[in-house]
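Form predicted alone, single chain, as structure tokens, below.
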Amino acid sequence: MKITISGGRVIDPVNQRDEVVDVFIDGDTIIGLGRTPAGFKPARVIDATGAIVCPGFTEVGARLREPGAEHKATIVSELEAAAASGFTTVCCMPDTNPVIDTPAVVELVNQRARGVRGARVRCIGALTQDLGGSVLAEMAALKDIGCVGVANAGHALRDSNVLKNALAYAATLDMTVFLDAEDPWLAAQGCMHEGAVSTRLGLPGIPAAAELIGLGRDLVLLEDSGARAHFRTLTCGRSIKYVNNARKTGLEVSASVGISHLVLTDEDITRFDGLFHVRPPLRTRRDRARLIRGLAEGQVEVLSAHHEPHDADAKAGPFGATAPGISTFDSFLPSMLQLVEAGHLDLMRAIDAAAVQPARVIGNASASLGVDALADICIFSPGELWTLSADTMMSSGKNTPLLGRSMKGRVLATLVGGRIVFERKA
């Protein structure tokens, strides 16, 4: 289909474009900006006056819950929710049931995603068989079927020798390893950040040292193996220094921070509300400020949704007994714009962190709105006010502590490969 997106403010970090200009799409490709191409007759015109037009967002590690936990969410529900939130690509973490450790399970996920009017899905395969941490998964077969990387999805790799061998194997395949930096012994009993708030509430804490020690071990092994790695969801301000120092020595590493860790802190946990229970945990205001600064300066490349939907029962018990995770797709854009409005990020950098950099992490270096680029596009109204409620959320997981809050900024339309997969009704 030929589509014109007219009158929108185009923000394209790759080409450093920030101007009001029309965008012309033919099939799955952007064929022009500004002047109408010769002979171009659109079948559809999208009026983007007053809206922002930018590359679609990419999520580098969400839980879609299917297969195995369809009572929490499904591939259909979460890919549709992702598209309604401006995401055009979502990477599925491997901790499904069965685990994504064979080509057959990858094909199952791809099959269930076919025909969905939502974001496209890309699988991250398992680093070890059944995420057990002892036997390496067949990474070569996972790469051949299209996995964009491998991860152990938060399941502790206690045996450093297994991790060393896994990194070496991934390096031979040129596969990105997605790592969750955490020392399992220090974090084993904790359910929130260890500090003044956890002491006051009487809840067992996870010290910052758990992340720093895990990060240190992983970086040493990465240096020996030469593997490429992405650290998912850093939460401690001091972690940024570790990663930056590693880059200076030539290590090919990148990092992300979750949106929840930039808009919430451990001080928000006041009533033992399990909706605030997330792993890694919400840290201090000082950590949040350092993470925001690191994101603004590009020391942390990626802004992640860190989307983890749950059913109501999973969040109904005592804080420590609830399942960790926050459903974030629906609130991602307004939370990002909240950081922009507060002056922590400029809009160009925010879009770069949500769209361009995560695409590069999974091997897509062309997340742009340039001529001949794939038409993965998000159109959003930056000033629209609305309230986040269970009724307005599209994700099946309603587990967010932001319920009832006023939101500013809303996606109007999302295109995946030139196909309109979401369009908000007036």
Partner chain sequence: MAQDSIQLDSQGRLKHFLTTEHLPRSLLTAILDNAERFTVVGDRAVKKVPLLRGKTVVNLFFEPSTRTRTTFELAAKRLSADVMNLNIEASAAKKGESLADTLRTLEAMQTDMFVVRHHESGAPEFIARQVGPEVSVINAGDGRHAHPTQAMLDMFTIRRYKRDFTQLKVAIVGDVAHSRVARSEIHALKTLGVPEIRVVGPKTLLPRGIEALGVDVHHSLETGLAGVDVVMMLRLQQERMQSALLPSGHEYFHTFGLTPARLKRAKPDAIVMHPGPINRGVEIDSAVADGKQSVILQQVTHGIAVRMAVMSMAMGTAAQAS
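Numbering follows the first chain given and starts at 1. In this text, all values refer to a predicted model and were calculated from it rather than measured experimentally.
Form predicted together with its partner chain: not shown, discussed below.
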| property | result |
| --- | --- |
| Non-hydrogen atom contact Pro184 with its partner chain in the model of the complex at 4.5 angstroms | no |
| 4.5 angstroms heavy atom contact with its partner chain in the model of the complex for Asn165 | no |
| 4.5 Å heavy atom contact, Gly320 and its partner chain in the model of the complex | yes |
| Contact of Gln111 with its partner chain in the model of the complex (heavy atom, 4.5 Å) | no |
| Stretch in contact, per heavy atom within 4.5 angstroms of its partner chain in the model of the complex, of 338-346, 140-148, 117-125, 268-276 | 268-276 |
| Single option in Pro98, Pro204, Gly132, Gly298 placed near its partner chain in the model of the complex, where near means a heavy atom within 4.5 Å | Pro204 |
| One residue of Ala316, Ala104, Leu173, Ala188 in contact with its partner chain, assessed in the model of the complex (non-hydrogen atom, 4.5 angstroms) | Ala316 |
| Residues from 169-203 in contact with its partner chain (non-hydrogen atom within 4.5 Å) in the model of the complex | Glu194, Gly195, Ala196, Thr199, Arg200, Leu201, Gly202, Leu203 |
